[in-house]
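There is one chain below, alone, in structure tokens, taken in the form predicted alone.
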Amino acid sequence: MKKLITATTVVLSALCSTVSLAAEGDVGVEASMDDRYCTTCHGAEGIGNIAIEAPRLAGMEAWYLKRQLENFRAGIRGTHAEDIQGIAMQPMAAKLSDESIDDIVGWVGEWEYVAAEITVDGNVNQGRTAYQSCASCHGANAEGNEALGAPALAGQNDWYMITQIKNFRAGFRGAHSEDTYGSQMLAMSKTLRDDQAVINVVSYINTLQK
């Protein structure tokens, strides 16, 4: 496992360096356009990349994507030493202006939604029971609730959801004092007693694909 994490970190670091250099190279293009390099990690169609655990962006709510980019930029997310993927993303967002973030959100909003591939197989019945507490924020069909700041879960990469729930449970995400919504999720994630429970609830969410 340690070798896998090390390899992932090296790949992510290399991608970060490549993207940063590319973004700095086109000095004749407006800054907001220069920052359209999300596909480098998240895929040409925004469907995600399991190799580096970059999630699907196509179909993601604009308000949620904007909030996460702002959180990464502010260091509210992606600064915990154990948040491998977050650490890779944080410098990508750190240099974004408000205009760049708005441009990226609008650009991603034009991408066609493609249902995520199912990669996990847990106990759906147990997952259904566990999901009832999640439904109070994320909706009965995992459709999300902007008023509560809860994103849609249906259709997101299952491997990504598993990683993020585990990060919340471990305190790698959501522990920052300014991460209001993250702290709520950190507390809720504790209701899942172990990794198998996480897999089960994500397996149930998979049955709610958009």
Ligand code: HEC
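It should be emphasised that the depicted structure is a prediction, and the values quoted were computed from it without experimental measurement. All residue numbers are counted from 1 along the displayed sequence.
The next section is about a form of this same protein that is not shown, the form predicted together with heme C.
Trainee: What I'd like checked is whether Leu69, Ser133 and Ser136 together line heme C in the model of the complex, meaning each has a non-hydrogen atom within 4.5 Å of it.
Mentor: Yes, all three are in contact.
Trainee: Pick from Val124, Ala74, Val114, Leu96: which residue has any heavy atom within 4.5 angstroms of heme C in the model of the complex?
Mentor: Flagged contact: Leu96.
Trainee: How about His42 - does it come within 4.5 Å of heme C in the model of the complex, if we only consider non-hydrogen atoms?
Mentor: Output for His42 is yes: heavy atoms within 4.5 Å of heme C.
Trainee: In the model of the complex, does Pro55 have a heavy atom within 4.5 Å of heme C?
Mentor: Yes, Pro55 is a contact residue.
Trainee: Do Ala142 and heme C come within 4.5 Å of each other in the model of the complex, heavy atoms counted?
Mentor: Although heme C is absent here, Ala142 would stay clear of it in the model of the complex, with no heavy atoms inside 4.5 Å.
Trainee: Although the partner isn't part of this model, could you tell me whether Ile47 comes within 4.5 Å of heme C in the model of the complex, counting any heavy atom of the residue?
Mentor: No - in the model of the complex, heavy atoms of Ile47 and heme C never come within 4.5 Å of each other.
Trainee: Counting only heavy atoms, which residues in 86-115 are within 4.5 Å of heme C in the model of the complex?
Mentor: Heavy-atom contacts within 4.5 Å come from Gly86, Ala88, Met89, Met92, Leu96, Ile104.
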